[in-house]
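Here's a solo chain for you in structure tokens, the form predicted alone.
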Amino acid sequence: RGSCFLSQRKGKYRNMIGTKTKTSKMNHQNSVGLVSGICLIVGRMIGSGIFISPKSVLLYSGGVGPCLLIWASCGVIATLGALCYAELGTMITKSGGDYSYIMEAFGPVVAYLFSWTTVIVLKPSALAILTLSLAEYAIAPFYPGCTPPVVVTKCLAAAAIMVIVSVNCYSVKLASYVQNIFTAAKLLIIIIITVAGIVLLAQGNTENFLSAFEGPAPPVGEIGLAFYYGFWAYDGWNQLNFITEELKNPFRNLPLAIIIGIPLVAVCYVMVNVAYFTVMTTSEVLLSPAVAVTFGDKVLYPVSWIVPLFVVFSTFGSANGSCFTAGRISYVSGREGHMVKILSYISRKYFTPSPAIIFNGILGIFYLMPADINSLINYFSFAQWMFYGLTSLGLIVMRFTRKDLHRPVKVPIVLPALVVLVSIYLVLAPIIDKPEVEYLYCAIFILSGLLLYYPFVHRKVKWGRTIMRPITIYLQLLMEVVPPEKSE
């Protein structure tokens, strides 16, 4: 009976491959339009940070005026960096974002180290921290006056990951609709906070702005740290580049979504901070565990409960955006042979890279288990900026090595040079300010990827393929996925 069942399954596998080659192209569908692209950028960038912890920028900037200037400056620099990515995305129209650009500029070894670090650590741990934040705010009303049990919080976070993974595996359009809805929700609460702030300003609540630039100037090192935390809040400005192959008319929609989306986020961040300072002194902001909740208690009572509710919506949307793009990195790196092949396969029924999305979700749940995931994020954040700098440097390099490539969008070369300088500073600033051995461990982990690259990618040892082939076949049967067609 078992052998008969297996024969039937293998027959189904052969039929599946036959269907793929004869009747349809098993590739991503171009189903993400301009509005969905803007919502993906805005939804991924605006997470829980602007509602919970803008105090880090205030702490290191030294005052209300410098704080607002740093928020605005971070938005300008993020926009300039994203314009560099617009040139890259319209020049190299492959999904995978930085991975595809680093591959083109510096070759497979550096691209592999990027995919190794991003797929195994950066993306799944970011998903874990976002869902933990979601769970903490969702469960807090059920435990008034006390801290919720850690086990309950982590179980809810794991459930959120499973819901997000299921949505993204089922349909690209559904994931886009979810992103659009939750982006609208977070923009709604930002509008509510902003309008409340404008009303309070009109009523004369301007005490904190009259002396906005008074006081001693902070040290250069502290200003750098303020920028570091500001850029952390803007992280996600390159998310649309990860799904270039799924964009409708990417030559138009990619740069347009960037030009609209990122300045919109910058305006939101500045206006929300202005609103905070209309009712809260700098001391109150620094002492508040969640600034937006404190603002809601002061201004929106008796409906202040909408603030933590919308923080949950905001964080869910950000986690959905993270999962949406993370699966594409695994998919593209698997397609190039830098990850196991099964990660490059596409659902025969739903046209989504479901193995890559599920893999990211499993790792995300795994990262929920440690006691302190925040330290992991902090120590690996320097690696993220190192790869941003490498990608921008790649744009400069390809101006000279790949002059043959068509560039529908072409930015002044000074822009990628500026992003490279900012990236170098943000890589070195936390290490110089507070050197710790954990940064060395992170560097060792990144370089340890070469131990897998040499035998399995460069040499392509036969015994590795012998082991993986039956595993790939059975996973393919289980998930009903097929290889994508190679781009011509």
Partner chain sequence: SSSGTHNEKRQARMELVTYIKNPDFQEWDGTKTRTQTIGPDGNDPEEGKPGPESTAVQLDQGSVIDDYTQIKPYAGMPKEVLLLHSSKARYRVPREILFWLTVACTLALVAVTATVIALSPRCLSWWQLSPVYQVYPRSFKDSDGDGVGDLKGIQEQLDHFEFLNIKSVWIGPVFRSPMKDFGYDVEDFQDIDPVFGSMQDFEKLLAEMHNLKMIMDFIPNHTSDKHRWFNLSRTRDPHYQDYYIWADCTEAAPRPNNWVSVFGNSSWTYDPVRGQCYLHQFLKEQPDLNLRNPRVRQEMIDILRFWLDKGVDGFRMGGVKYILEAAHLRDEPQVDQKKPPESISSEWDLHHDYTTSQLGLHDLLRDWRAEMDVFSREPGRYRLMVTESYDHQEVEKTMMYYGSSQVKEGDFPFNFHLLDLPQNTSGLWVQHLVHLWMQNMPQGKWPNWVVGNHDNPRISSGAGGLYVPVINMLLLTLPGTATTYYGEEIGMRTLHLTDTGSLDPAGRYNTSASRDPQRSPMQWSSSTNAGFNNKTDLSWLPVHPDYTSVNVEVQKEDEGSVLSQYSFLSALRQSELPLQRGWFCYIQADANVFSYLRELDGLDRAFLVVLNFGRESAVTDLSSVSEIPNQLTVLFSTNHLHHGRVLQKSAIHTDPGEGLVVRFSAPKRFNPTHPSQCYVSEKACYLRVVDILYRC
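Note that the structure is predicted; figures quoted are calculated from it, not measured. Numbering follows the first chain given and starts at 1.
Another form, the form predicted in complex with its partner chain, is not on view; read the next lines as being about it.
For its partner chain in the model of the complex, the listed stretch (105 to 113, 225 to 233, 79 to 87, 287 to 295) containing residues with heavy atoms inside 4.5 Å is 287 to 295.
A single residue from the set Leu256, Val152, Val397, Leu174 has any heavy atom within 4.5 angstroms of its partner chain in the model of the complex; that residue is Val152. Distance criterion of 4.5 Å from any heavy atom to its partner chain in the model of the complex singles out Tyr143 from the list Phe366, Phe209, Tyr143, Trp305. Taking the partner from elsewhere, Ser283 is found to have a heavy atom lying within 4.5 Å of its partner chain in the model of the complex. In the model of the complex, its partner chain lies within 4.5 Å of some heavy atom of Arg348. Mapping the unseen interface onto this chain, Val163 counts among the residues with a heavy atom inside 4.5 Å of its partner chain in the model of the complex. For Lys341, a non-hydrogen atom is located within 4.5 Å of its partner chain in the model of the complex, even though that partner is not displayed. Taken together, Ala158, Arg465 and Pro484 are fully in contact with its partner chain in the model of the complex: each brings a heavy atom within 4.5 Å.
Contacts of stretch 308 to 336 with its partner chain in the model of the complex, defined by any heavy atom lying within 4.5 Å, are made by Arg335 alone.
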